[in-house]
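One chain comes next, on its own, written out as structure tokens in the form predicted alone.
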């Protein structure tokens, strides 16, 4: 018997059937309803992945609003941001939310990454989930680096100059990277235009593809449990609606935190960039780059016959490569246990302490 399309319920059923025939949404809903999430004392760490995704969506929404008024040129960038903050209704609030959500997104991404690391959630068959997550972390740092220059203020100008100088010391490819990032020999309007292209086109396209791939893997493989609970009966809860509603509560709290930070501590603009002015005193990058910046400052200019800064950059590069390879290093042996697992956990603790310690030292220095 055909549904009565004159009735609202009948129309809804017809629309649902029409979409299901073309998009297969019934299978998606069935998969979501079937998915379950383990319940244990470490389950709070599961929520940071969703929180990071939510903050990325805030970035996209507020970024689109800012794009309506922003002009990516050395002559107009600063003035366009100034116009957004002083003339556009609630423009100052949108810009502050965009800036604060960027910082919170990177913070939750770091927490998510290290929680996955310490819970050993990267083990087989989740190696590609880990690799895609690490790539997303590096892209998020690229968002932060490229977006920092866009207001074209004095602090961002010189911080970008220092940051690209560091990229320029990489052996063999340093000179190419320097010119590629700057669009020339110096930080100029060409650099601003290039960073704008990275920030609003290249990086968002890569991020969207990687997030889709990452979520597909998470959906396919489900949530892992800590090694201590493997092989034991573990309680579960439905992803929809139980886990999703808890996730939504976190998102609502995040909106409240963002609104409070943006209203109480609005993001400042500073002075317009002047390439001929001296660098501001105490210049330093954003907090998520500060531990690297501070480490490079402490390394001697020369270590034996090698340039100290080059050695520092290479060490961080090797550390980034090691992060990618973690799932392939922590492999179970013939006994089913990994000989490197405990060593990796100790190394992870030391890395976290190093990052936190050097960041605090950077602010106190």
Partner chain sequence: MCQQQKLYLAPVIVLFLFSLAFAQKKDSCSECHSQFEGPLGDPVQMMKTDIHKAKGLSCMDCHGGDASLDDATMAMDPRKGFIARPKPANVPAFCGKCHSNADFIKKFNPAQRIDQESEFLTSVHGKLLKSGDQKVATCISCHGNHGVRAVADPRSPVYATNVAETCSKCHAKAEYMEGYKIPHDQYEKYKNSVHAKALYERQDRSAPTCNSCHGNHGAAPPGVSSIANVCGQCHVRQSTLFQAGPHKSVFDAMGIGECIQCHNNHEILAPHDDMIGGGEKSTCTSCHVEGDAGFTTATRIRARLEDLVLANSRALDILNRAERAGMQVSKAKFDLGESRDSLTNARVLIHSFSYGEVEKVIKPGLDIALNSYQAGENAMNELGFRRKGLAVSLFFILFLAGLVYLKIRQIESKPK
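Being a predicted model, the structure only gives us computed values, none of them experimental. Positions refer to the first chain, counted from 1.
What follows is about the form predicted together with the partner chain, which we do not show.
The chain is drawn here without the partner chain; in the predicted bound form, the stretch among 243 to 251, 204 to 212, 121 to 129, 108 to 116 whose residues come within 4.5 Å of it by any heavy atom is 243 to 251. When the partner chain is considered in the predicted bound form, residue 256 lines it closely, a heavy atom lying within 4.5 Å.
At a distance threshold of 4.5 angstroms between non-hydrogen atoms, residue 92 is in contact with the partner chain in the predicted bound form. Shown alone here, residue 85 lies within 4.5 Å of the partner chain in the predicted bound form, counting heavy atoms only. Among residues of the shown chain, residue 226 is not one whose heavy atoms approach the partner chain to within 4.5 Å in the predicted bound form. Between the options 197, 266, 168, 222, the residue in contact with the partner chain in the predicted bound form by a heavy atom within 4.5 angstroms is 266.
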